[in-house]
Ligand SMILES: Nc1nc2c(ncn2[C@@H]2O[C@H](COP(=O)(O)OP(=O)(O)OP(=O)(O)O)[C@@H](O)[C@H]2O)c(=O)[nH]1
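Only one chain is included here, represented as C-alpha cells and corresponding to the form predicted on its own.
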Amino acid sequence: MINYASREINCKLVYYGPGLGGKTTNLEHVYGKVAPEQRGKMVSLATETERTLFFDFLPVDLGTIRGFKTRFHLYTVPGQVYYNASRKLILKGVDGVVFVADSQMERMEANVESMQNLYDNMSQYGYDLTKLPFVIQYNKRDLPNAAPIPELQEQLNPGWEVTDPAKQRVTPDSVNEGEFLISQVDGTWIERAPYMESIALKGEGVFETLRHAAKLVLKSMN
C-alpha cells in the first residue's frame, strides 16, 4: 500500500503460530525497543485466552525504496483454532509472514496444526506461501524440553520442490552456517524457508527475525 502524501510504502507483516508460542512476546519486545517517535499506538484486542496485537513503525535502518520510506505494520493472530475467522481476516493483504513455533516437544502437534492452517488460509486468498517472504522462528530454545532443530525442520520446514530451472542451484543459508536454503535431496531440488532461533522472553533473536523478514519483504518489492 503506497501513501503518496507521506511518501511511504506500507508493508504488512503477520506473526502466525500456535497459542502461547511467543507471538505477543515478540511484538511487545519490538514495541518496547522502538523509539516512540518511530512507532504508532499499540492496539490490543483481547480474547478469552490471549491477545491479538497490532502496531506500526518506521524502521530507520532499512533505507528507502525509490525515495519512499517503508512503514511496517506488525500483527499477531490468535493462536487458538476456534479464532480462525480472525486469523484469515488478519492475513488479508499480507506482505510477509513470520511463523513463531514453540520449540517444546509436547507442542509439536500444535505447531504442525498451526502451520497447516497457515498454508490453508493463505491458499484461500490465492497466496502461495512458497513465493511470499516467509521466515520461521523457533522460539523458547532455552527450555530443557526444546526439540532439536533438525526435528523441528523435518516437521515444520521440510521444504518444497523447486521447479524453476533458474533457481535450481545450491544456495547457502546466510543465517545458519553450513546449512542451505536450496539444495538437492535425492535428485530433487528443494527449497526451505529461512529460520531463526529465539528466546523471545529475553529478547534474543526477536529483532534478528524481524529484520530478516523485513529485508525479504523489501527485496520482493524491487
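Fair warning: this is a prediction, and the values are worked out from it, not measured in the lab. The numbering used is simple: start at 1 and walk along the sequence shown.
The next section is about a form of this same protein that is not shown, the form predicted together with the ligand.
The candidate spot formed by 19, 77 and 143 lies fully in contact with the ligand in the model of the complex, as each residue has a heavy atom within 4.5 Å of it. For the options 210, 14, 11, 200, the one in contact with the ligand in the model of the complex, meaning a heavy atom within 4.5 Å, is 200. Screening 66-74, 186-194, 167-175, 24-32 for residues having heavy atoms within 4.5 Å of the ligand in the model of the complex returns a single hit, 24-32. Proximity of residue 52 to the ligand in the model of the complex falls within the 4.5 Å heavy atom cutoff.
Mapping the unseen interface onto this chain, residue 114 falls outside it, with no heavy atom inside 4.5 Å of the ligand in the model of the complex.
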